[in-house]
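Take a look at this one chain, the form predicted alone, written out in structure tokens.
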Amino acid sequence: MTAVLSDVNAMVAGQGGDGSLTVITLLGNVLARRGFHLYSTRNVASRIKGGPAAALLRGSSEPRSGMGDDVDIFVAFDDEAIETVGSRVAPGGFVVYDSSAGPLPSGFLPEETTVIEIPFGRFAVRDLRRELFKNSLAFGVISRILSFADAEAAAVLEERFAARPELVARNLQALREGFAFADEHGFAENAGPIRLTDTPSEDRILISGNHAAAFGFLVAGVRFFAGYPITPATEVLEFMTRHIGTYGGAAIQAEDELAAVNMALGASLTGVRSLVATSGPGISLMQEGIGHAGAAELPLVVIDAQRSGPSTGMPTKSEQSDIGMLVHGGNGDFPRIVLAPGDPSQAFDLAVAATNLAQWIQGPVYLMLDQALSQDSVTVPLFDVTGVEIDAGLRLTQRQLDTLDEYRRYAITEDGLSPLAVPGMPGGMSLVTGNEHDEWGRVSTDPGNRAAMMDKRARKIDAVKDDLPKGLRFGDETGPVGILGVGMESGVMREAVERLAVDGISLAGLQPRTIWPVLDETLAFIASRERVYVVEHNHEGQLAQILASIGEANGSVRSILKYDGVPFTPGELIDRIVLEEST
């Protein structure tokens, strides 16, 4: 009997270097051609090389920003894969196991699982002289399980290896051997045990949050980038290094994070839109430089791709434990903005917003990502670059500067925003320092001046508050119970709320996109609910603490926490919500 699926989850696991991602890439290409929305992620060890590794893919007729509860098709290249992640296979799922080293370990899979044992590695070495061709063999088998046409599978394989024509023929041979193995197990072409629903095809791109954000910054006019390689932010450095020169910009790999942030400050001082990208350990090192941007009132955008901490922590695992550091980190008080996208489309949009806002407040703006959002790939609509506006804030032209009786770089104004002249403009000379200073930039410890300057800088946030990105609502607007989260929680919250609604449990959802300052809409959402569950990946409930400290929460904020480095699945989150509601 053939099962018809509109949502399919696949996983390929083995050791680092097995090429698990190749199988997932080929499968994703077929699903994309059929109009499916894709979500792709990896599970790799936090080490330089080797160790267990898995690639996962979800294809669905509806857009999803996370994996499903169970895996429908699992390709396991060794017994360790079966032992460590075999429990994720769905009841009635299919396991394709490479039995080159021995039979399938028992006791790790659901009883209803259909297992196909084939010595892929051994046959690949025997017939094709290279074990890595086992990937194409495996792809041939799962193509038959999913009722793909053989020609369709061959077409995506040829496309995948088009840049390496010397590999095409042998990969096609491996694919055909996979078809033959499938025949032996009763899986005929176009007649497998799973068939996918028809889905309308639309123009989409498969992109990660890192790449979407980096592209957004380029479109928004960022022309200087400095960074140091650090997981999971390194892709931003690689993207900028590859592309920013085309637009007349420069990207520098600094010797460390301290150098990177200070290079960016120097570029910003000259009027260039500047960006740095790092993760939690790098943010810790950059704190003094970011505080300097706040004191000297220099525009700066900082990407924080969060990972599991503290210290080195788990570099390849996701967490949201830098929230407190972004909101309150640094010595002394200075204005900053923290934005948090929930998918690559939002990462692009908020990258543009962050760049413009940094110009307006003449200070630091954070774009807060997390490992899952940074490195996982999602299909999203094409970005609309024609609608992007580049806003210079209060940057003075030479004509405007010439009309002033005198130029005061840090002029005390009603809204706290001071007109800015780039150094070198005639009549625009000023002093720039991280020390407290007066309106001309001269160092001052006068108590009255100090209070006036602190108040001036603080007013800048109120001046731009109405222009900060608003949150996104979902679920039942009138529901007495709310759910709130950011980043990697965004997609899983939406899916959990959808499924709970089917069971008669209505929740009102909010995904804030501005974390700091806390917007009135967020406070109003909390105040209008009997209780609000704040979903986040850290041990202390950092976001919940910040929300509860602002306004009158009256104990309505409750945390749902996870801190094992693994994202929630919709089912896990549903179970946690139901448990909370029952107590």
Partner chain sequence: MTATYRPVEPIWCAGCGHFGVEAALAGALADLVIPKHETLVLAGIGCSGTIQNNLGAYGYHALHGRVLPTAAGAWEANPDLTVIAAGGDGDGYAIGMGHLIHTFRRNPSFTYIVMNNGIYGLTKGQNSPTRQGTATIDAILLGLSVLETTFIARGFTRAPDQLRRLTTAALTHAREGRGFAFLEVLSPCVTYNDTYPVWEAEQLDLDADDGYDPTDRSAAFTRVVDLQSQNRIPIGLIYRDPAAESRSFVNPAASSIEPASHVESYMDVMSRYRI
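All figures in this text were calculated on a predicted structure; none of them were measured in a lab. Residue numbers count along the first chain shown, from 1.
The same protein has a further form, the form predicted together with its partner chain, not shown here; the description that follows concerns it.
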{"property": "Three-residue site 151, 161 and 191 fully in contact with its partner chain in the model of the complex at 4.5 Å by heavy atom", "result": "no"}
{"property": "Interface membership of residue 390, its partner chain in the model of the complex, 4.5 Å heavy atom rule", "result": "yes"}
{"property": "Contact label in the model of the complex: residue 273 to its partner chain, heavy atom within 4.5 Å", "result": "yes"}
{"property": "Contact label in the model of the complex: residue 32 to its partner chain, heavy atom within 4.5 Å", "result": "yes"}
{"property": "4.5 angstroms heavy atom contact with its partner chain in the model of the complex for residue 402", "result": "yes"}
{"property": "Contact residue in the model of the complex, from 116, 298, 109, 146 (heavy atom within 4.5 Å of its partner chain)", "result": "298"}
{"property": "Listed residue (454, 258, 501, 325) with a non-hydrogen atom within 4.5 angstroms of its partner chain in the model of the complex", "result": "258"}
{"property": "Contact segment among 303-311, 264-272, 100-108, 471-479, judged by heavy atoms lying within 4.5 Å of its partner chain in the model of the complex", "result": "264-272"}
{"property": "Neighbours of its partner chain in the model of the complex among 221-240 [non-hydrogen atom within 4.5 angstroms]", "result": "221, 223, 224, 239"}
